[in-house]
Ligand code: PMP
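Starting off, we have a lone chain in the form predicted on its own, written out as structure tokens.
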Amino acid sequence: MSGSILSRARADLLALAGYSSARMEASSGALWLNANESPWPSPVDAGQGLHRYPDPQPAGLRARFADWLGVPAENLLVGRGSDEAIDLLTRAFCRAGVDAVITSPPTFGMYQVSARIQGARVVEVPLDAANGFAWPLDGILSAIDETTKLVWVCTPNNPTGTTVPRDAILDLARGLEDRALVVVDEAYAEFGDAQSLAGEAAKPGNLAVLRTLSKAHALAGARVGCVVADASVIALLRRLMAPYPLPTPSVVAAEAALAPAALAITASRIALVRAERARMAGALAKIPGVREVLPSQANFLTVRLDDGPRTYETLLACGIVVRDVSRHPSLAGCLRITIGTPEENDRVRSALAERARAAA
């Protein structure tokens, strides 16, 4: 790097000291009288110490994430899923009414929502639907200008399940050196074949990677994730985030989920999801009315049907809830179906087959 990506962050925030919470000022002691907490545990505590504020960045959890991803802990910030990181990065880099982010729809909607809330422009460079939803590297490079601060890359992508070549992302980051931060959302990485870019994001530069425990690690209700980036970017985000972003029960659950025994169970479940994804893709493709099953490296299949919205209602009437993604022009007639247990997947297949027989 010839400079630092922080030169592209909001200048008015670089000097911000941020809020110094009681737990930031002292994280160890015998008599805790600095945070105006109750001296007694809650009657519903169950031994978790919920009468005390949690560490803003729990060292044990950061260490578990660091070991799992193979990155230094100083290059990692933990927070509430990936959504908090998306919001923090947008606020850190985008000035309202001035700056812009680039997205490649159809993709995860929170990139756009966070930008709109911040007052930043959203420049859309669509995936190439005619070419298997290929990632539009040349189009993104053409769309970059002085106002561009963030480029969002979701791989595997939600809702198409497609991936972006690792080398293409690294080429983009090198091409935008000191100009924009390239943020790679790897929420579904465990279900695909590609190597994570977390190690590259931990190096000095303009690449950041988001990871979450909500999907493969079965902690959607705990809301825990992390962002890996240049240490200077992590330091800035830490000053901007809420004083106590992660509740104690979520920290405890996340640390346990990243322990070796839990990771072994998760790996076996990922293997089952991948096998079921292949089985379901083949089975669904044979059902009349199914026009296309998009190839997927995620824990879902996006299926194009003759009448997606009506099929959605049919499944809902059977108690089966899927996601209608047909509103995007390139996904007309498409439903996104999460891969469940083998029994749940069979229910979906049977319901779709029954609807096809009834319509014949």
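Because the structure is a prediction, the values reported are computed rather than measured. Sequential numbering from 1, following the sequence displayed.
Not pictured, yet referred to below: the form predicted together with the named molecule.
Original post:
With the partner left out here, if you bring back the named molecule in the predicted complex, are 81, 187 and 223 all within 4.5 Å of it by some heavy atom?
Top reply: Verified in the predicted complex; spot residues all in contact, yes.
Original post:
Out of 81 to 89, 279 to 287, 201 to 209, 266 to 274, where are the residues with a heavy atom within 4.5 Å of the named molecule in the predicted complex?
Top reply: Flagged stretch: 81 to 89.
Subject >> the named molecule contact in the predicted complex: residue 244, any heavy atom under 4.5 Å >> reply: Result no; residue 244 lies far from the named molecule in the predicted complex.
**OP:** Please check if residue 154 has a heavy atom lying within 4.5 Å of any heavy atom of the named molecule in the predicted complex.
**Re:** Yes, contact at 4.5 Å.
Original post:
With the partner left out of view, is residue 217 within 4.5 angstroms of the named molecule in the predicted complex by any non-hydrogen atom?
Top reply: Because no heavy atom of residue 217 falls inside 4.5 Å of the named molecule in the predicted complex, the answer is no.
Original post:
Should residue 114 be classed as touching the named molecule in the predicted complex when contacts are defined as heavy atoms within 4.5 Å?
Top reply: No, no contact at 4.5 Å.
Subject >> Proximity to the named molecule in the predicted complex, single hit among 103, 158, 196, 148 (heavy atom within 4.5 Å) >> reply: Comparing distances to the named molecule in the predicted complex, the residue within 4.5 Å is 158.
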